[in-house]
Structures are given as structure tokens and as C-alpha cells.
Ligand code: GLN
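Shown next as C-alpha cells: one chain only, the form predicted alone.
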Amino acid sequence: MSPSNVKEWLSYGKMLLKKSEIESYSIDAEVLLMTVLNFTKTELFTKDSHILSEEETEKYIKFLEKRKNFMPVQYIIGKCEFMSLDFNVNQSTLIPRCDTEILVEYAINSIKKNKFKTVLDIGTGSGAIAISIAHYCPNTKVTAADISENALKTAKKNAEKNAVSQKIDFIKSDIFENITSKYDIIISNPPYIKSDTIKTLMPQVKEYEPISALDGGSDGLYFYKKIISECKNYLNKNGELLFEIGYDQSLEISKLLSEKNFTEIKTTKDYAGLDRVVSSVYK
């Protein structure tokens, strides 16, 4: 007998994803069904006798098939949460990760402490960094740059969704190519995975997320080198340069900054105790 109500379909979904070796099978099956039914998590269990319609059944089965093939849940449902804000995501952009919240929290604290007014986010993607800063630092003006037209379209929609469109300028730019102003803070979460390492990543990353947003060149440092070498033309005196980094890149990036006479170079760790953010000051 095939599943019919919420309880049965939830059990089926968990079993299917577990067999497909999806580690997060339980929560994924729940999130997908909640999305199909527009239920809260509480409703998922208090309304477990609800019979799925034919349309709901078809949609849930499609969702499960996509997840079974390792498509990230965020891409399947088209959204995710970051810094307690809601973002649309698609395969033109990386999925914002909680580790990047360390970078954003550092930037917000620095902006408030130093009364910074202008921010440049290089490689904005979904706009998660730029939009979060615009939301939590209401006195700032943010510029969000990306080389991808599709990423910028997504970021603009997310700015509208979070009511900060008026505070962000979106610019199509290959790093500094079309940037003409100077800023108090330049912030970036650039591609930093070594080219040869990409093939070893989990299927849900290497097969679905944009490679251009992952590939940092042969040493993983291509974008850091380019930004560090050019950014002084776009950074105000006593301004800050902030990067998200890979767990093993702190020493190399700190050295690059030091060679370009940046000062107050500091590394901040993420929730797992790994190096995640490098900050520096331009004197």
C-alpha cells in the first residue's frame, strides 16, 4: 500500500533518503514536506493524518528524487536562512553558509565601532553579505559587485525581499574592473578552493554549486592576491580589508597582506575552531 497521509509520506521520505546515503535524511525529508504543504514543523506532527493531494504527492516525490541525487535542499526549495534573514538561492549562486556569518558579524562590529559609512562586497553572489550588513548597519551605504549577471539578479531580488534595495548599489564587475569609489571596508568571500581539490568535494557541492564561485586557482589564492594587490586604490585610509578564508590559508594570506604593508592583521576562528576570517587595516 502506498503512502497517503503526512506521517506515512514522512516515513517514506526518510527511508528513501537514508537508503541513498543522505546523512541528513531525517531533517531533509521534513523540510521538503514542510515546503510542499506550507506547514510549520509543529504542524508536520500535529496534522500527520492530513492526506496529501495528488499535486502535493507529485511535488514531494520530485523533491525527494532531486535530494536523492544529492541536489542541496536549499536549491530544491529555492531559499535558505542567513543571519536570521531569508534569501532566495539558485544554482547561479553559492548557498550562504553559517561560517560566513563569522565574517559578517566581524564586519558589523567593526562598522559600528569605527562608524564606517561605506562598504564594498566583492563577489556578492546571492547578496547575503551585502544585504546582511545593510540590514544590521542602517547608516551604511553598500556596493555589491559580481561578475555574474545571474547572481546579481538574484542578489537584487534578495535586497527587495529584505527591504534594503535603496541602500545597496549593484555593479557588474570583475573584482575592481568597474569600481570607481573608495570605501571604509572592503569585504570578500572569494573562491578559495584549489582547482585540483574541487573534484574531491561532496557531490552536492561539486555537481550543483557554481564552479566559478569555488575555484581559487592552482593554489587557492588567485583572488586574494588580486584583491590585495589592487585594493589600496579603493580603500580609504584606516579602512579595513576583510576576507573569509579556507581553514589552512591564514598564514599565506597574512603574509600577502604584510607584504603590501597592511597592519593589524588578525585571524578569527569559526564555530568549529578553524581559521575563518582574516582582517587587516590600511594605514
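We number the residues from 1 along the sequence you see. These numbers come from a predicted model, not from an experiment.
Unshown form predicted together with the named molecule; subsequent notes refer to it.
Remark: of stretches 184 to 192, 142 to 150, 77 to 85, 125 to 133, the one touching the named molecule in the model of the complex is 184 to 192 (heavy atom within 4.5 Å). Under a 4.5 angstroms non-hydrogen atom cutoff, the named molecule in the model of the complex has residue 214 among its neighbouring residues. Contact annotation for residue 94: at least one heavy atom lies within 4.5 Å of the named molecule in the model of the complex. Using a 4.5 angstroms threshold between heavy atoms, residue 244 counts as touching the named molecule in the model of the complex.
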